[in-house]
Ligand SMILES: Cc1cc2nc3c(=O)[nH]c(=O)nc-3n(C[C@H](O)[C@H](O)[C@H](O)COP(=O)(O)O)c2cc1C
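First comes one chain, alone, set out as structure tokens in the form predicted alone.
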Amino acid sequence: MSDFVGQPLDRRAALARMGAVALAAGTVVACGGVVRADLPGLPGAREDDPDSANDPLMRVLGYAALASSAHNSQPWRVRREGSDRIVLLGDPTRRLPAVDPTDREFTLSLGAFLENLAQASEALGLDAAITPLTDGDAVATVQFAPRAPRFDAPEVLDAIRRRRVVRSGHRDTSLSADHARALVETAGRSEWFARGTREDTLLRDGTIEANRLQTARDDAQRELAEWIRFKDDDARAKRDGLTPASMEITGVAGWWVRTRYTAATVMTPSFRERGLATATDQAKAGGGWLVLTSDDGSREALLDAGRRYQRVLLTLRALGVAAHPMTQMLEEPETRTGLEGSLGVDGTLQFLLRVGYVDRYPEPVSVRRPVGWFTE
């Protein structure tokens, strides 16, 4: 204690700057990361493990809930109708009106949930017949029936468990032609833009500009602050949002953020400036961009795009490739208008993924709500 109190003020300031840089690096991106590995000592961690459930349907829902979602908002609700049918609904309390006023990303996240559900069902010996719904609060129904488990079930479930977004450490090395082709084939309607191409430059510069615009918006910053779980107690209580660990803030910087930062920090000019600087560095790194499109912006098209996006994320670790969604260009009208034409892609853009090789693929660390919290 006395050693810390006696630190020179400039060292304290350096620590504060370290925390600000680290936090900005993790939070400047809208889509957070997204797979569960609970905080150390989190109450009920074993009970919340999908494989600890005796009910096969609860196991499936546990794996489905490891899907990616914006700000790790987990905007899904499930209504059970008997032992073999569910209805998937969106949770309006988990909307992001500042950056997602039309619920585009909200619906994409529900699609990611459905893809995890479909793959986990097959691995666990259930056929999941998914029927999208075009209007109303319910977005899809799922009817389950017994089937033989997939031959590669352990690998499928491991991919769902270990998927994560990786923001830092992307190498400035172009992806191999085989890896780029594998991502495009998995994504379905998509395009790959390699590092150094005209499109890569357009996406890099546009992402930087979109971050500049969004960082200056008080409503977007306030919304971001609402979803950051600075304190461990807050993360344990809510089991959602962006924790320092999920934002790749560890060590001394992680301690500083957890003990000193509050929601008000996100609104400060220094945080915004450092956040933009970090986003600039991130946008410049990596091996290229994978962009996913859909036929249109209908609910069914968005659910399909969300499923294809999640499918891509589940393949990355095996390739040694990391992906970081940087979708601010699609969230800001100034950078969104005319983007399909500028890139020369067909359809409607839904995802912009910065992709690159990493030397070390980290394990997932973001928290997840137990199945009982979102199931009626």
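So that there is no doubt, residue numbering starts at 1 and follows the sequence shown. Values in this document were obtained by computation on a predicted structure and should not be read as measured data.
What comes next is about the form predicted in complex with the named molecule, which does not appear here.
- Taking non-hydrogen atoms only, Gly62 never approaches the named molecule to within 4.5 angstroms in the predicted bound form.
- Although the partner is absent here, Leu117 lies well away from the named molecule in the predicted bound form, with no heavy atom inside 4.5 Å.
- Residue contact check for Leu242: one or more of its heavy atoms lie within 4.5 Å of the named molecule in the predicted bound form.
- Among residues of the shown chain, Arg167 is one whose heavy atoms approach the named molecule to within 4.5 Å in the predicted bound form.
- Stretch 157-165 is the answer when you ask which of 194-202, 119-127, 157-165, 81-89 has residues with heavy atoms within 4.5 Å of the named molecule in the predicted bound form.
- Interface residues of 298-331, taken as those with a heavy atom within 4.5 Å of the named molecule in the predicted bound form (partner not displayed): Tyr309, His324, Pro325, Met326, Thr327, Gln328, in sequence order.
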